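Okay, here we've got a single chain as structure tokens, the form predicted alone, with questions on binding and movement later.
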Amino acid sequence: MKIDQLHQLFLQCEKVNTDTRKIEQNSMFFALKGSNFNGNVFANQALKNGAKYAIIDEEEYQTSNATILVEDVLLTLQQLATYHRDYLKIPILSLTGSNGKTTTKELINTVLSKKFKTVSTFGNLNNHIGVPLTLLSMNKETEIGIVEMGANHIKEIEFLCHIAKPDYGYITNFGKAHLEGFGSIEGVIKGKTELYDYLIKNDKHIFFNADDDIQVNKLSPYINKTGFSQLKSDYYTIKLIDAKPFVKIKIEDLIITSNLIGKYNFTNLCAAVLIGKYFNIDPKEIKEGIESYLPKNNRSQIINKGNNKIILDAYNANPTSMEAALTNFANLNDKNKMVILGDMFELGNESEKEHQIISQLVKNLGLETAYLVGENFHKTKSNSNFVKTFKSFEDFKSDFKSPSHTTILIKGSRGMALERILECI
């Protein structure tokens, strides 16, 4: 079946689905394959559960006119998403970066939704499957689409750009994330700037941090761009007022107090402000949008349990974000402070070195109590009485005693699931 014909069937459906456990009535099911599953097997069940059509790529599972056979289900999903994106003809804003992508995306969506009907990436569905699903969740009522793009190898962002065809783009930063796939920080920069390469090649608009020398140098010859800065008057000026603990910024004559902690969130806020201004949203509405945004999903959440205050940042971690979080935490005025850190994943050959650097940083910051959890942190040497390491979460849990009147930073990679610690406090 041709993509234009499939698109006509798609328009008859309410949404797209790839999981039979979450099928909704009148949806279109895509029978994706993985290393441990074959979606074709569940196509008939998807139809029984309420799907209007099931897209398959193995002929033996074609049981009715509602099962549509294609050569490759994943490729078809991606092609349909691009066709739908062209069909809608709406502006698409894409963003990527090593840290802060999802928070920045949420902030941008909160600001732009003050004036426009927006659709943005749900959670962090930002890969070769998530980007198509995001595009297919947009409809004729959508006025701006916001698409987050993630990658851990060279050429992935380039591939996602050809699916989403962004009109606008922003890169949060370049940090020591996914070094196992990118190979080095130079590889990270090369991989992430594939977004800018696409936008420049197609003469699209770029938003950027004018205080980031890497971005400034990359974009120096390019004209179709808008930047923010704390210091340079030829860009839109945004000032950091405070970050103890919540980030407070100043734009024009307005003070905006966010619900985000840490100086590392300053540029995330700046991006949302800059993009809001570009789309002619009143500064007072930008302020309302940002101040209404509450972080969730284990990202910089502040949780009060008993007489303890917990900063839960357990969604993800890499050396750059870990250093920023620790430095900010050390600068808080709270009296009793404790850190509980989990291993950082996908660092490849740099893992041992980077975990040792963080362990040393914890010691140098002089925090009262520190727990380092995971096989990588367990190998580190801190030579400090207040730093304790544990090979597993279970080992940590059996030793941990809940504190009182303490501010606790919890941070680690997603695979460590450190939000489990909340049950121990």
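When you see a residue number, it is the position in the sequence shown, counting from 1. What you see is a predicted model; the values in this text were computed from it and never measured.
Below, we refer to the form predicted together with adenosine-5'-triphosphate, which is not included among the displayed structures.
This chain lacks the partner; the member of Asn316, Thr134, Ser229, Thr76 within 4.5 angstroms of adenosine-5'-triphosphate in the predicted bound form by a non-hydrogen atom is Asn316. Scanning Ser258, Asn126, Thr110, Thr193 against adenosine-5'-triphosphate in the predicted bound form with a 4.5 Å heavy atom cut-off leaves one residue, Asn126. Stretch 263-271 is the answer when you ask which of 329-337, 263-271, 231-239, 283-291 has residues with heavy atoms within 4.5 Å of adenosine-5'-triphosphate in the predicted bound form. For Lys204, no non-hydrogen atom is located within 4.5 Å of adenosine-5'-triphosphate in the predicted bound form, even though that partner is not displayed. Shown alone here, Lys101 lies within 4.5 Å of adenosine-5'-triphosphate in the predicted bound form, counting heavy atoms only.
Although the partner is absent here, Gln215 lies well away from adenosine-5'-triphosphate in the predicted bound form, with no heavy atom inside 4.5 Å. Among residues of the shown chain, Lys115 is not one whose heavy atoms approach adenosine-5'-triphosphate to within 4.5 Å in the predicted bound form.
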